[in-house]
Every structure is written in C-alpha cells, then in structure tokens.
Ligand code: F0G
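Here we start with a single chain on its own, the form predicted on its own, put down as structure tokens.
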Amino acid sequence: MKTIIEPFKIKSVEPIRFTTKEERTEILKEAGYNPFLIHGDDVIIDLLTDSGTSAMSAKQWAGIMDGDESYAGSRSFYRFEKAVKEITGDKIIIPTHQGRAAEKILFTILGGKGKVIPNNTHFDTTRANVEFSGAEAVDLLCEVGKHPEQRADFKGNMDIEKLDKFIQETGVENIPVVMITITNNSGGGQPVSMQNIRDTKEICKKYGLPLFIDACRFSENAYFIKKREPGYENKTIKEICQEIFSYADGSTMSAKKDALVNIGGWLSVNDEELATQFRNLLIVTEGFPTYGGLAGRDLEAIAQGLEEIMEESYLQYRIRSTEYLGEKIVAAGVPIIEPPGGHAIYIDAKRFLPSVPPHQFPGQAIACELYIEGGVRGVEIGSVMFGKYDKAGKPVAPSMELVRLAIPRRVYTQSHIDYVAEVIIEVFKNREKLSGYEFTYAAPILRHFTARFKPVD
C-alpha cells in the first residue's frame, strides 16, 4: 500500500483551542515576539520541540501505575537499567531527570577552562553546558552538511579529517572527550552513518580519547542506517543500535526524545572511576543513584518506551511523516534542509527570506509569522540561538539560519500535517512583507528561551 498509516489507535484525545489571526497577533506581541513565551493553550499546532511532547502508549501508562517509588533500590530502576544496558552495552547507567542534567554532570567533571570539546554539531544545551564549565565547544560537521540545498544520505557526519587535524593542533591533553550527536539536531536532524561513527572511534583510539554519544535520537538514526547504508538492510533496529553504542565509551541521553516519555534521561559510562565522580555529583544535584531525579513511574515508562522505539513499523511511520511534510512544502518552492531529517523539517531562512540579514534574525521573523498565520509554533535555530559577537562587539552568524518544525511523536495526524503545510506555503507566498527583529532583552546564556524582541522598522 502507498499510504503509510499510523501504527497505533487513538485511545485518548486532548482538545485544541482555536484562535483568530487578530488574537494571535496580540498574543505574540505580549510574548515579546518569542514563541517560547506563548502559553501552550494559545498554540494550535505545537512544533516547538519533539522533546517531552510524545504521546505515551497504554503500556507506558500501565507502567506509570506500576512504578516502584522506593527511594533506594527501586525495582523500576532495575528494569530501566536492564533496558538501557541491553541497548548500549555500557556497564554503568546513571539516571537523570533529563538530557541536560547528564550533560551538566559530564562537563562539570570533564570540562573546565582550557578544555575543548569537539562534536559533529553541539546542540544548544550541550554547547551551553560545555561553555558554562569554562570549556570551548567546537563543531566539526562534514562539508555537505553545511549546504541545505544539497542532498546526501548522511549529512550529519563528523568531518574525520578535520577531527584528526583538530586533535593534533589542539593537543590531546586539552581534549577530555569527543562527542558525536545522533541524529544531528542542529544540522537538520540529519543522520550519522555507521562508518562515520566507526571512523570517529578509530581517531579517538589513535589518540587515546574517550568517545561519548549524544544519543537523543539513536533509534531514528539506526533506521536511516538500515535504509541507506549498505550491509545493514537485513539487520534489526536493535542490532544496529547495539553496534552504534559498541563504538562509544559512554553516552548522554534525553529520554524525552527516543524513549517516548515526557521526562527523563541518563548518563552511561564504562569507566568505574569516572562513574564514581559522576555519581557523587548526581547525589548533590539530582538524587540517589537509583532514581537520579526521577520518580519510579518515570523509570518504568522509559523502560517500556525503549522497547517501542525500536519497532520498525513505528520508525517507518515516523520518518515518512516528516518526509511527507518536506515533500509538500518543497513542491511549493519552500527551501528546506534536504533531504528531510528524522524528527523535524528545517526551513532554510537564508533562502526563504534573503532580504533580512542574519543580525535581524530571519528565522525569528519566519517563526513569528507562522504563528500569526496559523497558530503553528516552531523555533529559530540560527543567529538567535547560536549567534556570537566578536571582540569589537559585532555579530558573528552561524553557518545556517534555520527554523525547526519538530514533530512530536504519536501526537498529530496527517490532516494536522496538511494544515501545517498550508500555513508554511501561505507565509512563503507573502514573504516579501516580512521584516526582521532585534533584541529588547537577551540573557547571557541560552538566550533564545527567554529573549524578547521587537520588529525592526
């Protein structure tokens, strides 16, 4: 059959409150033209993030009721631990309340002034936690990944030659860990090939450096490997996931993505000495090592979600849903990162709005207009999120200006996605009317969450 249907039935529904364009214009103004500051009830289709926004299954909700809330040694922890070990093969699994908590612990111990952390592309909280420790976050994305209009199977790959050269020039003693993010969120949700992960590991072995995986969307990445990389077409998703993790010395995970839950994460590692340091900090900041800031019910839901995320029928539906939206808007001329990634469509704001310079935030202008036009909430991934300033105070733009429309898992139907496509196309048709924005307030770190803006005259 040509139509790929949702591999689930809807058992519970949540109403959507509809607003008028006039109402949304005023709501956005009150929110300082920052979609993050809009009340959720005022959003019609919420594509701000796929993090913690999944619809849980009946079995996950059953696990919520069955969770063991013992402070120490909860049976729910041991089910969670077994599920994570089965996929990662790592010896020590440390639960955290979400991915950024795992990053905070990792970089508090391994980071610090003078240290440098290479990655294919750091996402916002990863970069923030690296920099908060005093270390420097460096992106070494492959060249094709920097060109939205070019199509390639694995645009999220690490640039292996640059990594080798970077380590030589920076010095092994200044690099405590090498990271690789799967899928590459800031790079358009693009996958990383198994060969690239393997090659990255070989470089790490060459210099005696540990490799950690930012594993938020490991299962989606495995599906792309199965479909695009020769030699993996007959392997199960679980087998591919296990091979991915076999090349790593540890991982950070936001379970709010590929574990299909609303809260949770982990930090996994094989080094006993490091694990002791991680656990000591965990106890101070998160909680006892067998709950790590989570309730037992959350651990149960994660364990069940890790089984469901590797079902191939689900992954086929998931990836195809994103691809479907990409195809509809590309057919209307809307420029995006091609091919569509796993969890989101990334509008190329540079080509969508070439008249607005990076320092006036073209991605923010598009995100605002999508909300005004149809109540669709997305997020800017460009100069607002990742922009810097040079020593003279002049803005330094990142390589890409994007708007991410992240699709929550098992939440929206095809008719919702058709509506989103219509809204995007309408904004694109009237793009010449859009102007840029400027800050009225910006925090020193992770400014996109709380910033406020005004339109540029």
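Everything quoted here is computed from the prediction, not taken from an experiment. One rule holds for the numbers: they count along the sequence shown, beginning at 1.
Heads up, the form predicted in complex with the named molecule isn't pictured, but that's what we're talking about next.
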Name the stretch: of 93 to 101, 314 to 322, 240 to 248, 70 to 78, exactly one has residues whose heavy atoms fall within 4.5 Å of the named molecule in the predicted bound form.
-> 93 to 101
Examine residue 155 and determine whether its closest non-hydrogen atom to the named molecule in the predicted bound form is within 4.5 angstroms.
-> no
According to a 4.5 angstroms non-hydrogen atom cut-off, is residue 57 in contact with the named molecule in the predicted bound form?
-> no
Residue 383 near the named molecule in the predicted bound form, any heavy atom under 4.5 Å?
-> no
Proximity of residue 360 to the named molecule in the predicted bound form, heavy atoms at 4.5 Å = no
Could you spot which one of 216, 192, 368, 142 gets a heavy atom to within 4.5 Å of the named molecule in the predicted bound form?
-> 216
Name the single residue among 123, 288, 166, 232 that comes within 4.5 Å of the named molecule in the predicted bound form, judging by heavy atoms.
-> 123
For the stretch 249 to 285, return the residues whose heavy atoms include at least one within 4.5 Å of the named molecule in the predicted bound form, in the order they occur.
-> 254, 256, 257
